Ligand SMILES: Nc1ncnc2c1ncn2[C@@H]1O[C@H](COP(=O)(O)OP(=O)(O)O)[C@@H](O)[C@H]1O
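There is one chain below, alone, in structure tokens, taken in the form predicted on its own.
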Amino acid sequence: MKYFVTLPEQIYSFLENHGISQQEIRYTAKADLAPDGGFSDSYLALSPQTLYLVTADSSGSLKLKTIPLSEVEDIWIERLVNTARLLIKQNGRKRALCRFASGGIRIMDRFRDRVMKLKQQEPIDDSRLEDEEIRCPKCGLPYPDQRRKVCPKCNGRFGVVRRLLSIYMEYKWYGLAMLAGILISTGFSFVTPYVGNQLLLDEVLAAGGQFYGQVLWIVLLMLGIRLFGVVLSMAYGCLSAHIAPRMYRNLRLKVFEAMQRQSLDYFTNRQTGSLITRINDDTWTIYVFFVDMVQLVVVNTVTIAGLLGILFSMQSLLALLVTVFTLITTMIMRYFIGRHRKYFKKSNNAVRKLRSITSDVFNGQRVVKAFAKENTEISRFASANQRLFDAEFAQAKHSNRYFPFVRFLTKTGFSSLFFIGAVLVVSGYNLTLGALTAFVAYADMLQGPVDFFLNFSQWWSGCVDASSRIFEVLDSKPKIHDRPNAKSVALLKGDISLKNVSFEYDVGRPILKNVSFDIPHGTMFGIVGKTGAGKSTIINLITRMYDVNEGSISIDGTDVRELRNEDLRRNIGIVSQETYLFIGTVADNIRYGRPEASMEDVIRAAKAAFAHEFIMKLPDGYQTRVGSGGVSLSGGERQRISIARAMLQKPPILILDEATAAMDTQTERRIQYAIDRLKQGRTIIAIAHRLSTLRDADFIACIDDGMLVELGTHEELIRKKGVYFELHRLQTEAFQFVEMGE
């Protein structure tokens, strides 16, 4: 396999004509833009000694540029607005090699990295590339956007239909029973016009009829038919009530499970309101599809076919007129389905945007109130609300402008049947009055199925859009997942080692650069640095919220990627600066990591975190309910509950990410005392801006611009008079200034 793209055979043949065999090529990449921004493909190929660039001129002729790696001084990516360029420094000169859309940055950055490593003869680890999924596992087509694993074929309209029906087949026996009941009920509905019109008028009320005068008998027959239809409808309703809610429940659970398995970056790149909409509204739309649409499509199709058969058997001329009118309305309907879908999609997008804004504002009420931005948020909501109104108004205007015309055309056509039929009856054209009334009744029964298909466009558009979003969630695979042979560990010791770790959230924007250090178990390890230096990123990598781009992180000699995520995170307790409390009691929030913990354990952990005193002052003590995010508590109180939560877990590794930032000095000292007691046999990693809290740390790592610049004890780093010394000096001066002001 050639990384990172497969070159066209024409390009391979061109290279071979210049003496470059496929076996020489180690890596390949593709650029899709010309230097002036137009569309033009160019191809990069890399061998252990040479970089090749294949371009096409205005006439389409291929040209080859050969660049020996020995002449490459540097190669990097320059980001533009929606595009990027691959730049190279060769023999002291800088120039652009190629230009490409921003979606290709990730592959091009990996290609760039291989160029430099081959030049510098550094080891290259391609093992993780084998695990990456670049093609849809169902159809084999490559994903258009490698950052978003969505297959346009499988999530297209017809792919969605197939997948919806495959879900429906999970309940096929229930579905078949429901369809059988509906079809039998539909069949009996065909009998009613015959009995209530033709049989009644021609055989019971007309002199000389076969059942002349037997009115009671015909009335009882009609009642029996209707009663049987009611019984069938009741049976269908009971069966539907048995299966439909289960399908809805299972689908909601599948979507929520799929979301919970996603990596952290999945949620940071999406709005909360949008995710909630997928769980609630989109699953409801699919539920309606199962409950109504599948059955109604089959039933109405059978009804139309059955009614047309009956009509042609009764009077072919009138039946032909009915067929013509039906075909006209069907063609008009198909024309409007395509046009109506875009209005529905705009409306749905506007609804999701409005809900996302609502969710953000409600979750951020403290910030809104603090900055007196109520009117700003009202304006933002009003703007989104207006967009929703415009979308719904356009949708309603389109529906009300065209669909009534179609219905008028249908009604006019069916109404004319009675006039034509009356002429045939009067002229003695082998058509009785009873047969005419039955025919008109059957023709009128076509109106229901036709109306259904007239409104089908809106239902269908909503179902396809909702299903596409649902299947995108179900198909999304987490970037961070357990490997097939992941190691299960009950208890970790706590020896942590980072070796040559590099990481970037966005391609081409490195956060950590070749960071290496060891944390022996049972020690307190401090991490300091300026805001944005990469301190919290180190924590995210140790806990495997993200995977390193290069290098490795191991605990007790085992790479964290080889451990089961559940085991890894069960052995690590985290107290973050951004504390979140769930809706529930204080006790429930403390025992979140250990639901089985006794009340005595909860109180013991709260006392250790110096939270017991303020908890007992709450209205219901430990049973006091706190809202989403703990809005009824102060920042320091929420943080102490978070510390108690981590202490109750009793992990061998405890991470404190600015854990005491929201506390007063006295409480902070108490927490530090509690942490000192926890040190015994436990590895503690502490990130702090207040350097005084790390005086007693066994080691302190100073991170600057993503690199480890200093490592040692507090005293050693002060003596070095480097970056740490400067941070300490500035902070000391700041505290002295505050004290003078007081």
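Quick note: we count residues from 1 along the sequence shown, nothing fancier. Keep in mind the model is a prediction, meaning the values are calculated, not measured.
This protein has a second form, the form predicted together with the ligand, left out of what is shown; the following refers to that one.
- In the predicted bound form, at least one heavy atom of Y505 sits within 4.5 Å of a heavy atom of the ligand.
- Within 4.5 Å of some heavy atom of the ligand in the predicted bound form lies at least one heavy atom of T531.
- Although the partner is absent from this view, I511 contacts the ligand in the predicted bound form, with a non-hydrogen atom inside 4.5 angstroms.
- Residue contact check for T537: one or more of its heavy atoms lie within 4.5 Å of the ligand in the predicted bound form.
- Remark: of stretches 608-616, 320-328, 245-253, 523-531, the one touching the ligand in the predicted bound form is 523-531 (heavy atom within 4.5 Å).
- Of the residues given (Y546, F517, W284, Y592), Y546 alone sits with a heavy atom within 4.5 Å of the ligand in the predicted bound form.
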